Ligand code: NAI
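Consider the single chain below, provided in structure tokens and representing the form predicted on its own.
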């Protein structure tokens, strides 16, 4: 990606179209409501384009298109599906600079992050799942002298997929790539605030897929979510987003009793041991605080520091956080961009007020940031001290650049505190003692634990939660079972009657 900066700089000031339709049955069509939703650049407030405000009628059209396309698509060869997914990744790689810019303009994350995390991870997701097309439908055989049982895996059918606004392109790839590799058709609903980069991606690849295999429905979740998930042609729903919305998805899915995979909220713990490399731990916690403005479900926003190294750790952390460069997301020197929307800015600001009310102390940050020449939604990176595990700021997902500090003395105590949370998505352990690190990692009730790193995400490693963080796994071969259904065909190899009715 050595040419990314040059390609990004070459894109016009506003590269988006004035208006986008739904993608239904291979065509870009208007919505039945006739209403549009503005897509804003959260750093400047500029209207970048408008999308359709979808309706229940639009959802029904999209599901029908997917259902009509399923019989033929489900019978395509492994090699055909693999080639399409690989070509999606290849085109994205060829246009990586352009799409990094689109992601930054639509979400407010800084361009370095879009360039060196979002786009490579998205490309890698397509390439990884292209490789799984040959194993997605692999079955098993069981046999003895009386029978042979063939255990098939088949595509599950039409999938409803709903993605969040924090990493639109990556979330899109993590949903559609395994579904397509398994031979399913789908209706994808991107977030109503950050749809543009996803829509531009499908404009780029629309020639690769038969009509109706992928349908993209835009709009507010309240208007289309229930109609989409409860449609009796939908056989599976995959959702990433808030725990509150996840509960509604479960209720909708219960109507037709369809399976769900849900990746929901988090309030992940990072444990800093007295044997830790303090500088590495400080860097990791800083990254967790400011990466994507803290708008990450896996953020390690509860940091438990051993009392013996607390003073050194806190001093270095506060110094590093204070030096984070807040600014224009399109500036390559920026390290923290704008919150993705006014709603998210207001939510994080309200939690900073809650922190004061609860008696927490902001060692640095704690308020909105003023950025010269920018009218957007900026929050200072914030470290909260004097926090206990019962406070709202330690229990509820803030989804912003806010990290809380807590202290621990012994392993039993810190594992108890770390697990005393309704969530269980991610976690981190900082220790030079591998035995200690392993004990702590195994003791955490969470789906993913990073040791001596954070956000060390690798293809093929499952991501998913415990408890109220949801269920199911993504990013690995395990997700293939979520997009297939098991069928057993038992063939008798004994040609004599069984004698059930003999006297």
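Positions refer to the first chain, counted from 1. These figures come from a predicted structure and were not determined experimentally.
Although not depicted, the form predicted in complex with the ligand is the subject of the following passage.
Next item on the list: Using a 4.5 Å heavy atom cut-off, state whether residue 120 contacts the ligand in the model of the complex.
Entry: The answer is no: residue 120 has no heavy atom within 4.5 Å of the ligand.
Check: Would residue 219 show up as a contact with the ligand in the model of the complex if we use heavy atoms at 4.5 Å?
Finding: Because a heavy atom of residue 219 falls inside 4.5 Å of the ligand in the model of the complex, the answer is yes.
Next item on the list: Tell me, yes or no, whether residue 347 is in contact with the ligand in the model of the complex, where a contact means a heavy atom of each within 4.5 Å.
Entry: It does: once the ligand is placed as it appears in the model of the complex, residue 347 has a heavy atom within 4.5 Å of it.
Next item on the list: Determine whether any heavy atom of residue 313 comes within 4.5 Å of a heavy atom of the ligand in the model of the complex, and answer yes or no.
Entry: No, residue 313 is distant from the partner.
Check: Counting only non-hydrogen atoms, which stretch in 330-338, 364-372, 240-248, 172-180 is within 4.5 Å of the ligand in the model of the complex?
Finding: Stretch with heavy atoms near the partner: 240-248.
Checklist line | in the model of the complex, the residue from 414, 264, 405, 429 that sits within 4.5 Å of the ligand by heavy atoms | finding: After the contact test, the surviving option is 264.
Check: So which of 380, 192, 200, 124 gets a non-hydrogen atom within 4.5 Å of the ligand in the model of the complex?
Finding: Contact check passes for 192.
Notebook entry, point to check: Relative to the ligand in the model of the complex, which residues of 286-324 have a heavy atom no more than 4.5 Å away?
Noted result: Only 297 sits within 4.5 Å of the partner.
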